[in-house]
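Okay, so here's just one chain, in structure tokens, the form predicted on its own.
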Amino acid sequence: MSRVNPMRPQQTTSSGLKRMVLQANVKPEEAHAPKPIRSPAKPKTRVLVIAHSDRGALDDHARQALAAAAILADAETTVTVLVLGELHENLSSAGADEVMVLPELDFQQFQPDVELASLLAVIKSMQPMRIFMPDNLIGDGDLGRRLIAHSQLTTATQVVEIDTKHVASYQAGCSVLAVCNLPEIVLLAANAVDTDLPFSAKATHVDAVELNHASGEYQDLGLQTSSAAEIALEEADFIVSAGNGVQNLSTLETLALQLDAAIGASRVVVDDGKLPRDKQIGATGKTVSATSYLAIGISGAVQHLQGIKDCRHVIAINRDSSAPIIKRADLSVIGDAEDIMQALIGEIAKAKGANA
């Protein structure tokens, strides 16, 4: 069993407590050193990664599919990403050599015939050796299966293990691994690939194909929105979570209502009876994967951090700048929870008034 080095560098908090510095053995200049550029000198083949974007960016699952393609690509293979929906980020660090964007094919619009026809046009034009897609529920999994049904290519879905020679998927209630040779279409399960690549790429933009507006028997009636309070925490996209530092829950509820966010809580808040047990987030509560997680007055115990490990953006409001949640957060605001919540409510009201 490995043990923590007691001589590891530490920092002293305002209360006099010593906290060991994470990754202290990594030199700052090494942690931020530029990665080498992966650039196929004379590409002979191409692999195609297809994924819907979410508000102009690829989510973690889509990036994992891209990482799989980039890792398996050799020096003579170009990795091309076809983004369905708008894209407002650079995919160089994600491993893309080429990027094609079809902003009209947003996943919130149900147009399977148009998507499939356009996808087939891209495949016919590029002639990729292999196709990678995230096997998810926002449209890629459905589109991938439509492509599989239309083509005669070898395929594998819900892939949990992959290398240059084989893929594997779970069967029989996850008790058995089914293995086959690396197919031409790979639908990758979530968290099968690490996205921390040892290289970057050029991510050159290429011209998109003209959309094929195929006629179909479908009619898009739009999305039916639900109140955030009616959505289970596991499915919520935006969560405002209360910790012991929140003294006035009514203010937090008002803020959540203004942001149209679901309400969560740390264990101590639930144990005190301030919020029901189904609001508890953490290893002994619920594990959430929200796009945005606003932690207010939460110190960040290990169990709570485990419950939010899959959240994309974490924002922390806390008095203690050395709290563990601050290290996890992408954005931290140090100050009194009540004052900051009241200020946020005021700013949101102004923003809504300006856009009325």
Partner chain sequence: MSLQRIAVLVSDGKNPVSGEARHCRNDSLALQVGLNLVPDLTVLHAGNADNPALQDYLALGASHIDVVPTNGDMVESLAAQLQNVDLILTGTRAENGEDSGLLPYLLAAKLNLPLVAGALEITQSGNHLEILQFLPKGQRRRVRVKLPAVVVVHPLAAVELCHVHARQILGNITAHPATNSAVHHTPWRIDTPRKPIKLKAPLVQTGHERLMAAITSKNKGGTVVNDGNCVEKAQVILNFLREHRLINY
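Residue numbers count along the first chain shown, from 1. On a predicted model such as this, the values are computed, not experimentally measured, just so you know.
Heads up, the form predicted together with its partner chain isn't pictured, but that's what we're talking about next.
S.K.: Decide yes or no: are Q109, I138 and T157 jointly within 4.5 Å of its partner chain in the model of the complex, with each residue judged by its heavy atoms?
M.R.: Every residue of the spot touches its partner chain in the model of the complex.
S.K.: Applying a 4.5 Å heavy atom distance criterion, does L91 contact its partner chain in the model of the complex?
M.R.: Residue-level check for L91: no, no contact with its partner chain.
S.K.: Heavy atoms within 4.5 Å of its partner chain in the model of the complex: does K327 have any?
M.R.: K327 belongs to the contact set for its partner chain.
S.K.: Would you check, heavy atoms only and a 4.5 Å threshold, whether I71 touches its partner chain in the model of the complex?
M.R.: Residue-level check for I71: yes, a contact with its partner chain.
S.K.: Just checking whether E217 would be counted as a contact of its partner chain in the model of the complex - the rule being heavy atoms within 4.5 angstroms.
M.R.: Answer yes; at least one heavy atom of E217 falls within 4.5 Å of its partner chain in the model of the complex.
S.K.: Exactly one of V167, A262, V83, L275 has a non-hydrogen atom within 4.5 Å of its partner chain in the model of the complex; which residue is it?
M.R.: Flagged contact: V167.
S.K.: Going by heavy atom distances of 4.5 angstroms or less, which of E76, E210, D194, D271 would be at the interface with its partner chain in the model of the complex?
M.R.: It is D194 that has a heavy atom within 4.5 Å of the partner.
S.K.: In terms of non-hydrogen atoms within 4.5 angstroms, which of the given stretches 242 to 250, 122 to 130, 174 to 182, 97 to 105 touches its partner chain in the model of the complex?
M.R.: Careful reading of the contacts points to 174 to 182.
S.K.: Though the partner is not shown here, which residues of 125 to 161 have a heavy atom within 4.5 Å of its partner chain in the model of the complex?
M.R.: Read in sequence order, the residues that approach its partner chain (within 4.5 Å, in the model of the complex) are L137, I138, D142, R145, R146, I148, A149, H150, Q152, T155, A156, T157, Q158, V160, E161.
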